[in-house]
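The chain below stands alone, shown as structure tokens; this is the form predicted alone.
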């Protein structure tokens, strides 16, 4: 962005003299001749917060009513270049010289909140924020500026969202509530095994919802075993029926799909079950499952296309392997299963499959739960191993071969060591790949309108208001670079984006201290930094780590293991022992973590935890009685109920 010289007289307009006026928008002249200053007049003295909100409202009104608005400074050479460009195009525009109004500095401050740009010139064309001088000339050279300037550019929609997942639907519904004409395009390209699904995205159809329900099914199996110790007597053989479970889960998902469609209809959001692809600026092609093409235009776009599972790129992977796209609606029990990968998806799926009594092996290339706290990750793996899940460490598959067809059939997997020349082979009924996910950004025409992506990852870089490098294109959800890939994050960022674009909000999505839970057989919940990241950021000597093992009361009578569940907080010693990392391995870890995440948002410290009276007997109360630090080296094993 261009920086204006603070005091240089610079090249200004001939005959301009300082004309000090207040920075409150009132009755600004619209479509004034090129170079003519839009005037701001004061409504009189006002309190700062009310005055600021009124100023913001009036600025937005000026932008809303004007074809072109240039927020400028008369001495700025970059501003002069932009004004000359519009003049050469014969375009009428409103120019507001911030150095010639009394509250120019305050106008610029509020403007920077609206646009995330602190410098002049700051240009809007037909309500779209183009940016500064360089961005305006780039838009001119690419043809985008001319497109924006089209008279009566009667776009079909105010907003088109490509992707009907959590983030896209959240943004669409909020924009519609704010009175905008909105379309959602959503199309699921079938997996290599032919699986597709309805509206709602990954979370609802092939992610969080069916995963948590299958996790619950596995927990019920454990509860059946525990129940005998609590006096429940039953003689009949208990077995799990895969088909009954998947049918019930898919029925629930179908009801959610219908609910989303109904919600869009009630809010007058157009839903089109077609594949969206940009063909030129402000224009997309929508292709339905029959191959029929329709074209739509919009003033602004949100990309919310999400991600799909990655394949290995080896012989037989797409032909014979499944992914999480296929597992939750698989019409038959998968039988003996090899799970390839060490992601949370891999461990969650391996966990509930083993909970159903299946023979499960996890093949791990390097470490478990990359990006998570590694002490916690190893404890997750250790618990799973003690409960029947086998781990093949430091191996990767190189070939999958079909031995028998069937439901399930038989597959032979050849794998090689990552540390030497050793090869192994095994026979399984099902091979589930969970080695990561790829962003769905490479085949939607982004290159045709100049939206930049990370060529390696496919992720889209955005600023702190989810705006891409193309001013009228935004992105939310898992496709964002360096942002958490979590459903609630996508929902929050989509909703706030719509409120900023079409409402009176400046609130941005806060991506710091986002809680999450891995729904393995023993759940792992966390918020804030891992121990490794905390040491990297704050240095080990500046941290105090409190931890303990604990024994849930429910496990005692059932005869389940003591000293398996674990709690840990990481504190910054030089910031009042503020909690910067929260970690729990135990039953209902998600429920426990959610409450403490709110406390961390409020600046939770170790002293505040100590001052909190726990609820007894619960797992969460362990955080109110933490005493032992890692640095002390003291024993943390528990002998009984605290």
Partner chain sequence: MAAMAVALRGLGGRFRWRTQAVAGGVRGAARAGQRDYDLLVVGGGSGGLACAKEAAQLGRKVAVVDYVEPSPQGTRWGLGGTCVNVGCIPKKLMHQAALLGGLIQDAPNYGWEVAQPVPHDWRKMAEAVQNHVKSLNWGHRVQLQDRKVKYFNIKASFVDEHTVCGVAKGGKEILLSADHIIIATGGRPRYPTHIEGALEYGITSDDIFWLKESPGKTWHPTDVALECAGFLTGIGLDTTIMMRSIPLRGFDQQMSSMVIEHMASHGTRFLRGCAPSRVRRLPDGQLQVTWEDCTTGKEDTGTFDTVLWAIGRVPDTRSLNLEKAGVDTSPDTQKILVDSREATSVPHIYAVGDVVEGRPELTPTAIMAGRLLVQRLFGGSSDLMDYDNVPTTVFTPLEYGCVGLSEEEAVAHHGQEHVEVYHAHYKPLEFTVAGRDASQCYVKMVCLREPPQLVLGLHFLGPNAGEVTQGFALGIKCGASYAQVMRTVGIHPTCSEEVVKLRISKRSGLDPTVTGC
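Bear in mind that the values here come from a model prediction, so they are computed numbers and not experimental data. Positions refer to the first chain, counted from 1.
Here the subject shifts to the form predicted together with the partner chain, a form of this protein not shown in this document.
Each of 220, 595 and 619 is positioned with at least one heavy atom within 4.5 Å of the partner chain in the predicted bound form. This chain is drawn without the partner chain; in the predicted bound form, the residue among 332, 295, 230, 137 with a heavy atom within 4.5 Å of it is 230.
Think of it this way: in the predicted bound form, the partner chain has a heavy atom of just one of 505, 401, 288, 216 within 4.5 Å, and the residue is 216.
By the criterion of a heavy atom within 4.5 Å, residue 454 is excluded from the residues contacting the partner chain in the predicted bound form. Residue 467 falls outside the set of residues with a heavy atom inside 4.5 Å of the partner chain in the predicted bound form. Although the partner is absent here, residue 612 is a contact residue: one of its heavy atoms lies within 4.5 angstroms of the partner chain in the predicted bound form. With a 4.5 Å cutoff on heavy atoms, residue 546 does not count as touching the partner chain in the predicted bound form; it lies far away.
The stretch among 375 to 383, 481 to 489, 109 to 117, 361 to 369 whose residues place heavy atoms within 4.5 Å of the partner chain in the predicted bound form is 481 to 489. Residues 553, 554, 556, 557 are the members of 548 to 566 with a non-hydrogen atom no more than 4.5 angstroms from the partner chain in the predicted bound form.
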